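There is one chain below, alone, in structure tokens, taken in the form predicted on its own.
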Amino acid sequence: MNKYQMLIGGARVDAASGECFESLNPFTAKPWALIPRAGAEDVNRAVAAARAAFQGEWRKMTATARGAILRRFADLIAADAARLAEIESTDNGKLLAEMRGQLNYIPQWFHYFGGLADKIEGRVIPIDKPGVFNYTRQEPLGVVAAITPWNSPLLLAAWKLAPALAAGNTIVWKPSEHSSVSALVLAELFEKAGFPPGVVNIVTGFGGEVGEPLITHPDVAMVAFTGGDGTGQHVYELAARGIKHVTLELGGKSANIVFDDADMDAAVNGVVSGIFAATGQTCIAGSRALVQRSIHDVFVERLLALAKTAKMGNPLEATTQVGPVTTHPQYQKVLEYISIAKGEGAACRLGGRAATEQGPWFVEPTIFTGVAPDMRIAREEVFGPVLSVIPFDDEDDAVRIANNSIYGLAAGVWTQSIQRAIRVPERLEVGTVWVNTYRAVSYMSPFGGYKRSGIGRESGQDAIGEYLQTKSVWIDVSGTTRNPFVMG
């Protein structure tokens, strides 16, 4: 097994304790890498390095120079995309084809935000008080703690690092303990790009030992977190103790709504893509297929026919379409939810069991019909290849069912009516709506959730504002002396 090191203050280092833990390959369930097991001492070193960099060379650098470094970093990632994609696929079990697609796309985040770095502007306010000049400045927050999940490690890190760095902040990044290798390999590119030491630091380990000390550290100004809503709530509570800025990109129970005027082939393909791509391990998974009752039976038969063709196997092979579940606890959770659904009376029309012949952590693509909106399988996030099909009567019924959720991350709408394509997204309580497509993202478009699906936005121009604070400056230009006992 290869042994990897963290990045602190521009140096590759082991954990202060010298301890490591094993990272498992989800396809084989066997260890393949040794990762430093950091603790509070390592967090303190990383935050101190980030704080020093923020107060030093990085802060003094012009925004244009910072942007140039981000663009150089983008080019380095592009040149190394194939290697990084294979590492990600080995470490988290997602399809190599998808990881290659993500790694080839990730550079665009750093190019885009590198270009935005010197477009951050304040404004002059025509204030209502005579003899006073008032203007605003947009300034970085300071040290940002970026905490990322295991399902798309580098892509979701880019969503945080690119705008945070473009805004002039420094970073302490904690990747998931289940998929840290790509982050530690990426570390070598920061120095090559020209980032001063300490601008980006990477510490690895477990939530209680690294995540909590990082979130509560007094010199951390902001926490940017992606993960489940339960963990997100805990992160939010910890950050609140220090009155820190927070963005939370959390889970979902997204509705993929198919109306009776939809292009049937496109809708079937979109529903399969929404739940079985990435083995359902994505926050935007369309895990609820809402199908208009008039086409329900025909749609389900065509859905089953396509889903049955999904090929499970080694995620590194080009022909594989569904890989393993990434972690053993998640594998057990998915099987538990399948059992719960059966117990609730849902009809299992496809799959519904472990696919042990494929490997230790495989679950068959699973489709349930006869699902009522109040069943747990229709309300709770499974984060696996499990679809609930729910019938609806009309547009009002579809919107009511879709919105009857504690989550509000995304939704899909399948219709050939332009009126409905505009009307229904306005009524859905979610942060992203796809019409006649699904799972499309871009560095140019904001992404985030309503309700328990999160706070704040990532990507697009909205994202950089999350990493800035506004300062108002007042200058008396009148030359007169004012009454000190009366508010001016």
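Here the structure is a predicted model, which is why all the values come from computation and not from measurement. The first residue of the shown sequence is 1; numbering continues from there.
The protein also exists as the form predicted together with a small molecule; that form is not presented, and the subsequent description refers to it.
Participant: Go through 84-92, 168-176, 113-121, 341-349 and give me the stretch that gets within 4.5 Å of the small molecule in the predicted complex, heavy atoms only.
Facilitator: Selected stretch: 168-176.
Participant: From the list Gln358, Thr415, Gln330, Ser182, which entry has a heavy atom within 4.5 Å of the small molecule in the predicted complex?
Facilitator: Only one listed residue qualifies here, and that residue is Gln330.
Participant: Can you pick out, from Pro365, Pro197, Gly142, Pro149, the residue that has a heavy atom within 4.5 Å of the small molecule in the predicted complex?
Facilitator: The option sitting close enough to the partner is Pro149.
Participant: Would the small molecule be touched by all three of Glu212, Gly228 and Glu381 in the predicted complex, meaning a heavy atom each within 4.5 Å?
Facilitator: Yes, the whole trio is in contact, each within 4.5 Å by some heavy atom.
Participant: Contact with the small molecule in the predicted complex for Gly207, defined as at least one heavy atom pair within 4.5 Å: yes or no?
Facilitator: Looking in the predicted complex, residue contacts with the small molecule include Gly207, since a heavy atom lies within 4.5 Å.
Participant: Hey, in the predicted complex, is Ala162 touching the small molecule, heavy atoms inside 4.5 Å?
Facilitator: The answer is no: Ala162 has no heavy atom within 4.5 Å of the small molecule.
Participant: Is it the case that Leu250, even though its partner is missing from this view, gets within 4.5 Å of the small molecule in the predicted complex, heavy atoms only?
Facilitator: Close contact exists here: in the predicted complex, Leu250 approaches the small molecule to within 4.5 Å, heavy atoms only.
Participant: Does Cys283 reach the small molecule in the predicted complex, with heavy atoms at most 4.5 Å apart?
Facilitator: Yes - in the predicted complex, heavy atoms of Cys283 and the small molecule come within 4.5 Å of each other.
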